[in-house]
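First, one chain by itself in structure tokens, the form predicted on its own.
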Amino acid sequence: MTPPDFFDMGARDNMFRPVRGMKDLYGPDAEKYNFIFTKIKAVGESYGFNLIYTPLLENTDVFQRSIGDETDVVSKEMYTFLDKGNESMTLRPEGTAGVIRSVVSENLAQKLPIKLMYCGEMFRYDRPQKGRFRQFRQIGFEYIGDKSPYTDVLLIAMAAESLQAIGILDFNIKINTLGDEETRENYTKAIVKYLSRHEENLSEDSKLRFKRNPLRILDSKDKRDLDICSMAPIIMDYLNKESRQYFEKVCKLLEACKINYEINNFLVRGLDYYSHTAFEIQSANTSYREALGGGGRYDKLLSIFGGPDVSGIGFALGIERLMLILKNGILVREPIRVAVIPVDEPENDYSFSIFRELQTCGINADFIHIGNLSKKMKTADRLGVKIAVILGEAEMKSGTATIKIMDSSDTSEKHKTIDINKLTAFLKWNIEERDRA
């Protein structure tokens, strides 16, 4: 009987590859992801933020109302489809809208101010490229219900500390203000007046933006648009008194906190809900110029979803982009693994009981029992085991364990014999010494 076509190697290669722009995370990448999440989550917890997990799938209106119909995210990048009930659904393209929707629908707005952090998958139909995927992961923070320059600076400081926590020290913080509604209305008129003289030279995307949402042109990466915008009016010249005082206070507080920043007059971010402070963090690594993350304040987002008229501020960091920077030289310290290895099958049960005892004492341990001793040692080496605990008939009779330090070049230190009752204490001491090194 001829097997189905999907068993053909060529067909299988085509059918079972990841979807374009999406990738599996395993091995070192999975460890790097967990490292980033754990470290940045700890920063959030130190500031009093609590985790929230929102659905991957939301009603399309959640994003259209909050992000803005004329943004690139909504108009070109969202994964939107009709479900079996003929309802329009969208895979979340960013985290803030879902969190705010949850705050309103779960009546969390009664507990304001509230600090929430999230981590998970986002989806945007974009051209896959270095550090940019169609399924990507973000970790983000939202501080809702406290409008003041102090919270703006707090979130910017948290973003910087999050990068420092994972070992990324060389980055630039760019900030700008988008002012209040009055400021943006006046500034938009000035931008339209200026760009109308250059409309025919704009990129095709920006020609569309000019009619629908001209401020988005300032966010363009097209060289033609960049050249035109370099001489455009800046929002600083259109700030009303309240907006100017607010931004000046943010800058003074950043300086008082010794947080280095640079004002970028054309930083508008890509989402419509921002107002007042907006910021972006870029790697100083010249080989990678994409933003590592960013955020800003939003004044009307809760009220869009039927909640109270209160302000919030948030930011998010792109985990894949952070992973890319880590690959370029930051060493992630892997956990020190121990393997318990019986010499022959008769020692399996005894060795397994020792392995379980080490696990219950908090030691990262493996139990390797398949194959002969040579094969077991090769397996341990492949798994990155640093310390092997070898138990044979002689060790069982004498109540000892043979220790092999897998990564030692010192032959006098490479093999040791330890009393089995002192094994746990010896391993913990050895691991702690390595962590301090």
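Please read these numbers as outputs of a predicted model, since none were measured by experiment. Basically, rigid core = biggest C-alpha set you can superpose within 1.5 Å across the two forms. Note that residue numbering begins at 1 and tracks the sequence as displayed.
Absent from the display: the form predicted in complex with ligand HAM. The rest refers to it.
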| item | value |
| --- | --- |
| Sole residue of F367, Y350, F266, F133 within 4.5 Å of ligand HAM in the predicted bound form, by heavy atom | F133 |
| Selected contact from A316, M78, M158, I363, since only one has a non-hydrogen atom within 4.5 angstroms of ligand HAM in the predicted bound form | A316 |
| Region of this chain that lies against ligand HAM in the predicted bound form, out of 227 to 235, 240 to 248, 135 to 143, 81 to 89 [heavy atom, 4.5 Å] | 135 to 143 |
| Distance check, F355 to ligand HAM in the predicted bound form, heavy atom within 4.5 Å | no |
| Non-hydrogen atom contact E94 with ligand HAM in the predicted bound form at 4.5 angstroms | yes |
| Non-hydrogen atom contact Y274 with ligand HAM in the predicted bound form at 4.5 angstroms | yes |
| Ligand HAM contact at G293 in the predicted bound form, heavy atom, 4.5 Å | yes |
| Rigid core superposed: K252 CA moves 2 Å or more between the shown form and the other one | no |
